[in-house]
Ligand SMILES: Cc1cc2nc3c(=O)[nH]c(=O)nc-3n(C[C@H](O)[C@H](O)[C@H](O)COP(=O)(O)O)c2cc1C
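Take a look at this single chain, the form predicted on its own, given in structure tokens.
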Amino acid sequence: MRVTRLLHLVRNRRMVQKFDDRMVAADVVEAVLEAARYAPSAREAQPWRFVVVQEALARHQIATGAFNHPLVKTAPVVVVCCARIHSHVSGSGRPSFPMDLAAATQTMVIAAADLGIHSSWIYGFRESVIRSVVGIPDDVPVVALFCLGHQAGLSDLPERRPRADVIAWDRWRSDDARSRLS
């Protein structure tokens, strides 16, 4: 298998345990956000809207709304990822904006890794608190919090499940079916 620079970045991304207190350079934050602007979205609707929060009191209030999540508490940059519009609805009846924002957020993760910065995205928060802190209108969904910074200390590479446990070709394979085929 050919290992590209992108695959190398994705494979070697480390889980953040805690951010240190160094600020992230403005041009790095801008580059990460620029990458997100080019993420794919359903019908290229680009429904995202990002609120970059660096002010200490606002970050503290956001952390409170995120159940005092340690990464939100220590991140020097918290990006509140919102869906500017409710975007398209697929044939299944599901709105596309959660997937669109997930694609944009994952693009930020990879861009940050490419720039030597660590990141994490958080889905557990009280939306009303986040909305209040940064002044987001009631009709705009808050989808995720994206934390950006320099990691404090070292962490191990996350373990990955074996390929056979996560990839099937042509048909779903259960563990029982696979063991019977072996």
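Since the structure is predicted, the reported quantities are computational estimates derived from the model, not experimental observations. Just count from 1 along the sequence shown to find any residue number.
Below, we refer to the form predicted together with this ligand, which is not included among the displayed structures.
Only one of 129 to 137, 115 to 123, 52 to 60, 26 to 34 has heavy atoms within 4.5 Å of this ligand in the model of the complex; I'd like to know which. Heavy atoms within 4.5 Å of this ligand in the model of the complex occur in 115 to 123.
Pro162: touches this ligand in the model of the complex, heavy atom cutoff 4.5 angstroms: Because no heavy atom of Pro162 falls inside 4.5 Å of this ligand in the model of the complex, the answer is no.
This ligand contact in the model of the complex: Arg13, any heavy atom under 4.5 Å: Yes - in the model of the complex, heavy atoms of Arg13 and this ligand come within 4.5 Å of each other.
Can His69 be called a contact residue for this ligand in the model of the complex at 4.5 Å between heavy atoms? Because a heavy atom of His69 falls inside 4.5 Å of this ligand in the model of the complex, the answer is yes.
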